[in-house]
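Below you will find one chain, with nothing else, as structure tokens; this is the form predicted on its own, and questions on how it binds or moves follow later.
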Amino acid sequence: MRKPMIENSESRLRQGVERANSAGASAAKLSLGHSESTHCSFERGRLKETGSSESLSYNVEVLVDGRCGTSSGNRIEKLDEMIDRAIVLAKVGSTAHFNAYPPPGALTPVKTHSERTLGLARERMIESCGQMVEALREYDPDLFISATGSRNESEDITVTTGGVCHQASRTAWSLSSHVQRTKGTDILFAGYGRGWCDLNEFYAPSVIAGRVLVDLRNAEKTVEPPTGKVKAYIPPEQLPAFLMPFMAGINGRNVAKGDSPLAGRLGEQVLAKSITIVDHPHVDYASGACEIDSDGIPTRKQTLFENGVLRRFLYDLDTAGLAGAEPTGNSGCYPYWLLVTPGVRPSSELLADIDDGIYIKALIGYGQGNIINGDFSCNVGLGYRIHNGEITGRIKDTMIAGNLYDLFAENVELSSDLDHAGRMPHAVIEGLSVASRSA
């Protein structure tokens, strides 16, 4: 960090907490975040932009007579003014479902800051993006090619009236490439990217470009899709989207409000027995790695679904009070870093066993239906037909629909191989409804 600010801010935030107390707040939380980033981007195959940015912000949250008041800013010299404003706003603020911030708890250390990432120079990112662009241009010089690279370092501190004073720092990089291929009225989009906290073997521009090239080659031929109820092959990068309804279902606020179809179903078989999902915020250098939540509660590894059985709802401090439950240390009631336990067969065998089905790479309009109940209907942005265990070509003008609770309740097979980060397997589901404009 060129200009570290967190250590110098600790005493100022502690003073702010004391000021809030003396001004009538029964509880207060002050946090400050500072980040610096460097980035580059290519468009139409050429370097378009490169630059750096810096940001600083702080947030104030107070409880006054059971109501919550918040304010924020980016000028630390105005902190006292923002504290006073938060106290005034608490008079008309939302009802808080907790009385105090908890005392410090035992933390599980997790690595999120890497000196190797700090050594990622702008010139190397430009070179990496250029390498991806050239590999894609060599395949087809008429492609609209874009590429981006970034490096970020951040630091933050949280101080509460419960006695928590937690500092954290994080580095991160990202690298991606996307293409658009236009032939008459036909437009194809494809892309792939990666990111991590540590600069390791995941930073691989040739691999990223290679993944895009595979999609382009698979899409060279257009074929008719199968229709009706078919098998669907879901790669690791698409699987989190299909798990979205289940994550909304275990969100404690949705449960407390009665919006979740999983309310009252702890201990029940909800998903196929092949599915075990864990929230693991203590994976070193993972982008979701986190020691403590935004209220000062330590994070923990938690099994959400075990062999398809629902084991856990996720609660932040306020939602736990609303639901009469214990907080799980999940900010916003969301998981930090999902891990899906792999199956026993490699993805190549799963693909080879599909007589007739579709391979889903990207969707258009997904999530616009009643997603919390699992209902969806959307278009396939990029997908392929699988026939006799092989990808035979790209499918167009194709819509898929179904209920994900039904689709993932049985006959789901997961691959033994995972994505580069060790999170997600490939998946095959049965009974997906597929319709085509040409059918």
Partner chain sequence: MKARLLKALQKSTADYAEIRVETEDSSVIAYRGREVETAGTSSVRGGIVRACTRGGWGMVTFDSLAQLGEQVKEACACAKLVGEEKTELAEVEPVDAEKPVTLEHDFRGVSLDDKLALLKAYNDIILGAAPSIESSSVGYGDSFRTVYFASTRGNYFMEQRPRVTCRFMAVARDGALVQRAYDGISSTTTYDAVLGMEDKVRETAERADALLRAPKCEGGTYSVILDPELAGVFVHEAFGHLSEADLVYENAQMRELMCLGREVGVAGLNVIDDGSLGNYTGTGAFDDEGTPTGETYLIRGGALAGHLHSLETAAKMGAKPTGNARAIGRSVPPICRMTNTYVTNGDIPVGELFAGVDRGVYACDAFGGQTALEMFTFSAGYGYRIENGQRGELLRDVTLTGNVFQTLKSIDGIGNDLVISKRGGGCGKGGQSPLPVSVGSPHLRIRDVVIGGG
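All values derive from a computational prediction rather than experimental measurement. Residue numbers count along the first chain shown, from 1.
There is another form of this protein, the form predicted in complex with the partner chain, and it is not shown here; the text below is about that form.
*Asks:* Note which of Asp259, Asp80, Glu306, Asp156 lies within 4.5 Å of the partner chain in the model of the complex, where distance is taken over heavy atoms; exactly one does.
*Replies:* Only one option qualifies, and that one is Asp259.
*Asks:* Within 4.5 Å, heavy atoms only, which of Ile364, Ala100, Val344, Leu107 is in contact with the partner chain in the model of the complex?
*Replies:* Checking each option against the partner chain in the model of the complex, the one that comes within 4.5 Å is Ile364.
*Asks:* Looking at heavy atoms inside 4.5 Å, which stretch does the partner chain contact in the model of the complex, given the options 385-393, 24-32, 62-70, 407-415?
*Replies:* Result for this chain: 62-70.
*Asks:* Given that the partner is absent here, does Phe144 sit within 4.5 Å of the partner chain in the model of the complex, heavy atoms only?
*Replies:* Looking in the model of the complex, residue contacts with the partner chain include Phe144, since a heavy atom lies within 4.5 Å.
*Asks:* Please run the contact check for Tyr139 against the partner chain in the model of the complex: heavy atoms, 4.5 angstroms, yes or no?
*Replies:* Outside the cut-off, so no.
*Asks:* Can you tell me if Thr222 lies within 4.5 angstroms of the partner chain in the model of the complex, counting non-hydrogen atoms only?
*Replies:* Heavy-atom contact with the partner chain at 4.5 Å: absent for Thr222.
*Asks:* Is it the case that Arg253, even though its partner is missing from this view, gets within 4.5 Å of the partner chain in the model of the complex, heavy atoms only?
*Replies:* So Arg253 counts as contacting the partner chain.
*Asks:* Does the partner chain, in the model of the complex, lie within 4.5 angstroms of each residue among Ser52, Phe189 and Asn370, using heavy atoms as the measure?
*Replies:* Every residue of the candidate spot has a heavy atom within 4.5 Å of the partner chain in the model of the complex.
*Asks:* Using the arrangement in the model of the complex, list in sequence order the residues of 88-122 with any heavy atom within 4.5 angstroms of the partner chain.
*Replies:* The stretch 88-122, when checked against the partner chain in the model of the complex, contributes Val88, Leu89, Val92, Gly93, Ser94, Thr95, His97, Arg122 at the 4.5 Å heavy-atom cut-off.
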